[in-house]
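This document opens with one chain alone, in structure tokens, the form predicted alone.
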Amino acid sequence: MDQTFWTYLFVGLSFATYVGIAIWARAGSTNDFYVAGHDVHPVVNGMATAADWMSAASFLSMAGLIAFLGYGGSVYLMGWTGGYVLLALLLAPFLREFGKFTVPDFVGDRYYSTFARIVAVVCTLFVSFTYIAGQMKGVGVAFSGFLGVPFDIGIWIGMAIVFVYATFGGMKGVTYTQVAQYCVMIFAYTVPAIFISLIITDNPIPQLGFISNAAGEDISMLEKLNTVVTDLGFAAYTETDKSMFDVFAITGALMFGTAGLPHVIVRFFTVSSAKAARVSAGWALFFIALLYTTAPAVGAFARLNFVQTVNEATYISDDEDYASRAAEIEAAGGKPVPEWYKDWEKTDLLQYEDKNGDGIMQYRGPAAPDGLENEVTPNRDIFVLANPQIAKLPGWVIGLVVAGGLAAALSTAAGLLMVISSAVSHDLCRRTLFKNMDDKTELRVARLAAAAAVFAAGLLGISADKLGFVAQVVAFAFGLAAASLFPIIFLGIFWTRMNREGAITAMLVGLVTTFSYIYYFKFGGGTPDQYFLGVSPEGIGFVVMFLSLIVGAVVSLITPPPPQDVIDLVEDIRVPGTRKPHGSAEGGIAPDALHPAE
């Protein structure tokens, strides 16, 4: 049984499982559809949160970024992890105590304003659609790389699967599907890492292999990698070419953006209480750490394997018979281009240009000592998927990794689709435009909104092919969330004087400024020498976040304070179990968080 058989088997079984779970967990009410009935067990929610959180950017792209950016790529690891801790400790329990369905729901009632709710809906849609574009790009990479499916068609197949379990099961179906996806994902990520760690370092634990000596040599694996890449003219693996302030800004944007991501926040609304939200946050951190502590090792192993198998290999063109030509090259003492390279070359995610006409693949950095130009250009998103092939692992391991990559992309895409559909059906329709809408009609609108969001997400995924790596596309979403949503959530919980006018101004300043900066430098012709304070588009959300906080606070202080009901409510949610009804602050729909003291 070859690799294609195993790939189709694992992907087919995992897709059938997801659809089966969606049918079993079909949502029967808006409570089920938006927040899974508020009765998800903390351990189950922790696992679902980990799957929701670890997107295609984490599974596919993070190790690839670390592989090629080295120390500089660690900003993604630090920012995402730190942001999750910030969200779990600082915001999630208090948002759960507030007791609403969505982030715009919190904004609308906390800031006693329909207009604030609409602005929050706009911010949520901007963040979610930007984020989902990166996930769909990951789906396209996985399908095109292993199943021979064109990139665009792969995206539509992935969206069709998400459509089934998101529209039928709602948040309830998504929750239990994400649990299954986490199991697929963590197994698919760690099993190949163990095999490759054994091959490269003789140590079966990747986290320890990362800091161990290279197999059979008296030199550390990292020192060997540094020597290999610097000899080819690249920067040392343990160095970075980014300025310290830019590294700090990108880390900050990822960290505070995480704390403002609607699809992660809403997961804490699915448990029964603020105490359960804290417990589930702890479990989620444990499940996330299993993958995140493995990623640096996977990245380093991938870079070393890539250089050793591709550099100075003799290229075999498509019109030659690969097997016979490879045998001839080896008989002559040469190194043929590896078979895995030829497979991935068909996807256009690996490119070779024979600039000196010698038929040998020279992989070089900008400071190559021999003066040769680089002839090999890899897309960094492929390395987690291609790593098992590069290391010549069995076909079933490769099939497992493909299923894991698709699980990562689809789990986060489903969470984002739920946020988008709830923002439209609940916040825009039920709470703003059609306030007399009944539950049954709202549920139908939510399913229609989810279907429309699936279609729009597919189009965005195809466009994202032109935007670089998955993790970098996703980084823009974090910047938008950090600048627009985090300030008003943070101040809404911890500063009773924050009012409607301040919140609206802060969201608009954060969203418009960050989006304009990203658009100018990615599509408007801006160049790196024009960066404000040397900060790249990936990090600008962190800088604008402080501007939003200051503007929001100043506007609040020069305009009337919030009503007393709102002030009392904010003071209540900071003490678990003391939440009481507060008249106008409840916004017409009573919170379900009015539970007995824990």
Partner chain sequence: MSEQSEPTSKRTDGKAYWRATIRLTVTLLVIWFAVSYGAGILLRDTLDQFSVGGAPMGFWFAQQGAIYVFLILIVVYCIGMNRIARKHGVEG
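Nothing here was measured: the structure is a model prediction, and the numbers come from that model. Numbering follows the first chain given and starts at 1.
Below, we turn to the form predicted together with the partner chain, even though it does not appear here.
Enquirer: Arg325, Arg444, Lys275, Lys346: which sits within 4.5 Å of the partner chain in the model of the complex by any heavy atom?
Expert: Selected residue: Lys275.
Enquirer: Name the single residue among Leu433, Met244, Ala367, Ala331 that comes within 4.5 Å of the partner chain in the model of the complex, judging by heavy atoms.
Expert: Selected option: Met244.
Enquirer: If contact means any heavy atom within 4.5 Å, which of 434-442, 312-320, 149-157, 79-87 contacts the partner chain in the model of the complex?
Expert: Flagged stretch: 79-87.
Enquirer: Would Ile390 count as touching the partner chain in the model of the complex under a 4.5 Å heavy atom rule?
Expert: No - in the model of the complex, heavy atoms of Ile390 and the partner chain never come within 4.5 Å of each other.
Enquirer: Does the 4.5 Å heavy atom contact test between Val279 and the partner chain in the model of the complex come out positive?
Expert: Because a heavy atom of Val279 falls inside 4.5 Å of the partner chain in the model of the complex, the answer is yes.
Enquirer: Counting only non-hydrogen atoms and a 4.5 angstroms cut-off, does Glu571 reach the partner chain in the model of the complex?
Expert: Yes, Glu571 sits close enough to the partner chain in the model of the complex that at least one of its heavy atoms falls within 4.5 Å.
Enquirer: Quick one: is Ser74 in contact with the partner chain in the model of the complex, heavy atoms, 4.5 Å cut-off?
Expert: Residue-level check for Ser74: yes, a contact with the partner chain.
Enquirer: Each of Tyr341, Tyr363 and Gly405 near the partner chain in the model of the complex, meaning some heavy atom within 4.5 Å?
Expert: The answer is no; none of Tyr341, Tyr363 and Gly405 reaches the partner chain.
Enquirer: Pull the contact list for 277-296: residues with a heavy atom within 4.5 Å of the partner chain in the model of the complex, in sequence order.
Expert: Arg278, Val279, Ala281, Gly282, Leu285, Phe286, Ala289, Tyr292, Thr293, Pro296, in sequence order.
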